[in-house]
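The chain below stands alone, shown as structure tokens; this is the form predicted alone.
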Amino acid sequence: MEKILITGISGGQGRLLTRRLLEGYEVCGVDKVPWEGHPRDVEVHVVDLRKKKFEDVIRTEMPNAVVHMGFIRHFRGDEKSRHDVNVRGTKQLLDHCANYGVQQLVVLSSSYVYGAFPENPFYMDEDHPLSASRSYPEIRDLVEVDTLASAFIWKYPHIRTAILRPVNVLGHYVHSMIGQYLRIDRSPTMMGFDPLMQFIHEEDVAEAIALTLQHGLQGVFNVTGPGQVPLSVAIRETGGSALPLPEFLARPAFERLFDWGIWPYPAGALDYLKFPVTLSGKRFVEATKYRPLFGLEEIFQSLVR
């Protein structure tokens, strides 16, 4: 059996993916935190991607493929530390993949790397520029990770490398920023704005990664769910209510609250409550015949309080 190594295996998405891949692969993984009660036939190494010990894991496990999703995606810690973990950790991982015979690599990026702007077209394809850093500098590390992986595709064409950019992920186990936002009883919105948003179920993300491995994909792929709805509908369907705020008051207030550690999102995140970031998933569907298993009602139900 082919062996798959998963970074970030102890997180919600890592656990879901592990159980999905065990149907046809040998699975091992690394994470900075342990996975208590992991399946007996899954080896979990508690290591930091930036350390020599991680290279030892790659050398001894000798995986055929690596799925990289061991990122810090929240803003609870120091910004420099987050950037170092995400960017330097990814650079180390890419070097090890090139040096130790990894045949396939999947990097789980995000739709957020495109950025939220008024000029965004509907259904952006994979060739659209990654501009999130312009208005949301706190996630420049995720843009850099995506860019590093894109360059890796061209530098090492013999390693089948795929970058997946899923839309907003919701589910019971995955702790995404949008999921945290929709769990607030009164979700703040920008007065006068109600952007269309796309959502995908956490299980469909695991399925998309499995299909990527199965088909040996190479390149960049948007991964979308069953459709899109206005933000106000998503808030209502997950059991919350909208709290419209004027932007001229909300932006400086949220900026201060974030700096004080009271509010979990930087002010740049407010643009995603104003402007649509809708993606075309046509390329991935054509490559894999992928169809989402969960409809919007089931996706929202997974988050209902």
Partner chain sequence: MARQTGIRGALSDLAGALLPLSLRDLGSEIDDRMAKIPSELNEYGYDRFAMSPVDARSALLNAAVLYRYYFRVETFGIEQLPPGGMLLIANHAGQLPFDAAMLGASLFLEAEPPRIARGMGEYWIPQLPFVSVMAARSGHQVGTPENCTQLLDAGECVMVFPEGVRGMNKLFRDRYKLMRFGLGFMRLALATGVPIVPVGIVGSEEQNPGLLNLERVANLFGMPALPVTPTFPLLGPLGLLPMPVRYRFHFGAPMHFEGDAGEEDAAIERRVNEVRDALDGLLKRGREQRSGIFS
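These numbers were taken from a predicted model, which means no experiment stands behind them. Residue numbers count along the first chain shown, from 1.
Not on display, but discussed next: the form predicted in complex with the partner chain.
Enquirer: Since exactly one of D78, E119, D127, D185 fits, which has a heavy atom within 4.5 Å of the partner chain in the predicted bound form?
Expert: Contact check passes for E119.
Enquirer: Check each of R59, K53, K32, R236 and return the one that places a heavy atom within 4.5 angstroms of the partner chain in the predicted bound form.
Expert: Filtering the options by heavy-atom distance leaves R236.
Enquirer: Based on heavy atom distances of at most 4.5 Å to the partner chain in the predicted bound form, which listed stretch, 228 to 236, 108 to 116, 67 to 75, 211 to 219, is the contact stretch?
Expert: It is 228 to 236 that comes within 4.5 Å of the partner.
Enquirer: Look up in the predicted bound form whether L16 has a non-hydrogen atom within 4.5 angstroms of the partner chain, and give yes or no.
Expert: Heavy-atom contact with the partner chain at 4.5 Å: absent for L16.
Enquirer: In the predicted bound form, is there a heavy atom of the partner chain that lies within 4.5 Å of any heavy atom of G192, even though the partner is absent here?
Expert: Because a heavy atom of G192 falls inside 4.5 Å of the partner chain in the predicted bound form, the answer is yes.
Enquirer: Does the 4.5 Å heavy atom contact test between Y123 and the partner chain in the predicted bound form come out positive?
Expert: Yes - in the predicted bound form, heavy atoms of Y123 and the partner chain come within 4.5 Å of each other.
Enquirer: If we define contact as a non-hydrogen atom of the residue within 4.5 angstroms of the partner, is A151 a contact of the partner chain in the predicted bound form?
Expert: No.
Enquirer: Just to make sure I understand: among 264 to 300, which residues lie within 4.5 Å of the partner chain in the predicted bound form, judging by heavy atoms?
Expert: Stretch hits, in order: F275, L296, E297, F300.
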